[in-house]
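Next up is one chain by itself, shown in structure tokens, the form predicted alone.
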Amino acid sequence: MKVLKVPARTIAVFVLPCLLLYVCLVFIPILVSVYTGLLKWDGLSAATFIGLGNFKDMFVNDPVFWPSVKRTLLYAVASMVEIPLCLLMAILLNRYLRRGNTLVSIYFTPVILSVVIIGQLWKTVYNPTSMGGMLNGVLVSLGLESWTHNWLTEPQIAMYALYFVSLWQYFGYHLLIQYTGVQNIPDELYEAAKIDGADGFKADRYITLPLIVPIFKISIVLAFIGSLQAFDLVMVMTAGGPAHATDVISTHMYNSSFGSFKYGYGSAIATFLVVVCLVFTGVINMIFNRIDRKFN
């Protein structure tokens, strides 16, 4: 069999345009953000270089920053809770339904909707009873008036209400990824396992789970890193309120930059977010590499 050998120069010619575009759209803005984070700048007047002053204020003097970091990490952890459920559902759909693709497509519908539409929809669901909120209306009709709340204006529960909406929105997304991965496992493996006496969930334990690890990793990374960057849904539904109770890192960065006109400080928060995303991406990859070696 002849192997097509392409000169390195030819490969470079085709790769270089995409590489330059990637550098211009990703690395250069990150470097500019890091530099801006070293400035005291309101976006209008002349900037003053203050070194690590913004980072010191962020870590020591900002009462909103660390709670927003905690909420962001909880948001990221909560986003991964549904992935094992998506995998289980994907296995069941692949095993018991001939046209599971149709059901998966239905579950995928919220993913293609605008975040603004989803936010407004769930704001209506969460509205107080006096404003026709569906959730409170259902609770009242069931005689559970004591369970009703102002879901988006009570600091203790507002963030949990957002967690639920995010899980609902992306359930179909992760279900599609897991379902595609399960479908790509050759049927011959299950037939051979059945001959050896391994069927049903026993076959899933020794065949599906080891082979689905790379796909599972993709869902984990996308869910975790995507949640660390959560912004649009929070801004549409609560804008970080009430009293910063739903502020995450991205909304705090936005409010600092465009609400308080502290662009240097906002860039420092953005730099911190980039570092956190890189660190957790590396940690997740390391964990799954160990899992891959264990199964292989």
Partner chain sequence: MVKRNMQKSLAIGFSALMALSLAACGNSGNNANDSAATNAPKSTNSTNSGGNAAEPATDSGKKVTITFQNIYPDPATPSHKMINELTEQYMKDHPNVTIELDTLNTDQQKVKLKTQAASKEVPDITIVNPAAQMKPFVDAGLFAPLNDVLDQNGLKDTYQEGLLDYYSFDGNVYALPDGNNIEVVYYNKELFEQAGIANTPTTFEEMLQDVKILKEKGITPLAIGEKDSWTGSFLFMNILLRTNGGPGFLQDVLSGKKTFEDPAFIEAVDAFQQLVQAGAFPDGATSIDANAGGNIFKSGKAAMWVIGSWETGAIDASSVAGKVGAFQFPTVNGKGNPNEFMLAPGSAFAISANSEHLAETKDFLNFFASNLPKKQFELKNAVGLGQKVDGDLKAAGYSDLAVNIAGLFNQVQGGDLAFDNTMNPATAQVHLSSIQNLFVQKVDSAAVAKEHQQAFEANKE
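Predicted model, so just to flag it, every value in this text is computed and none were measured. Positions refer to the first chain, counted from 1.
Keep in mind the form predicted in complex with its partner chain is missing from the figure; the text below concerns it.
**Q** Could you tell me which one of I218, V81, V115, V125 places a heavy atom within 4.5 Å of its partner chain in the model of the complex?
**A** The option sitting close enough to the partner is V115.
**Q** Identify which of F49, Y35, W66, F258 has a heavy atom within 4.5 Å of its partner chain in the model of the complex; exactly one of them does.
**A** Spelling it out, the residue with a heavy atom inside the cut-off is F258.
**Q** Using a 4.5 Å heavy atom cut-off, which of 265-273, 240-248, 23-31, 66-74 contacts its partner chain in the model of the complex?
**A** That would be 240-248.
**Q** Assess the spot marked by N101, V111 and N150: is its partner chain within 4.5 Å of a heavy atom from every one of these residues in the model of the complex?
**A** Every listed residue reaches its partner chain in the model of the complex, so yes.
**Q** Given that its partner chain is not shown alongside this chain, does Y173 nevertheless sit within 4.5 Å of it in the model of the complex, heavy atom to heavy atom?
**A** Contact check for Y173: yes, within 4.5 Å of its partner chain in the model of the complex.
**Q** Against its partner chain in the model of the complex, would F231 count as a contact residue? Criterion: heavy atoms within 4.5 Å.
**A** F231: contacts its partner chain in the model of the complex.
**Q** Tell me, yes or no, whether S146 is in contact with its partner chain in the model of the complex, where a contact means a heavy atom of each within 4.5 Å.
**A** The answer is no: S146 has no heavy atom within 4.5 Å of its partner chain.
**Q** How about Y254 - does it come within 4.5 Å of its partner chain in the model of the complex, if we only consider non-hydrogen atoms?
**A** Yes, Y254 lies within 4.5 Å of its partner chain in the model of the complex.
**Q** Can you tell me which bits of 166-205 touch its partner chain in the model of the complex, meaning any heavy atom within 4.5 Å?
**A** Result: Y173, L176, T180, Q183, N184, D187.
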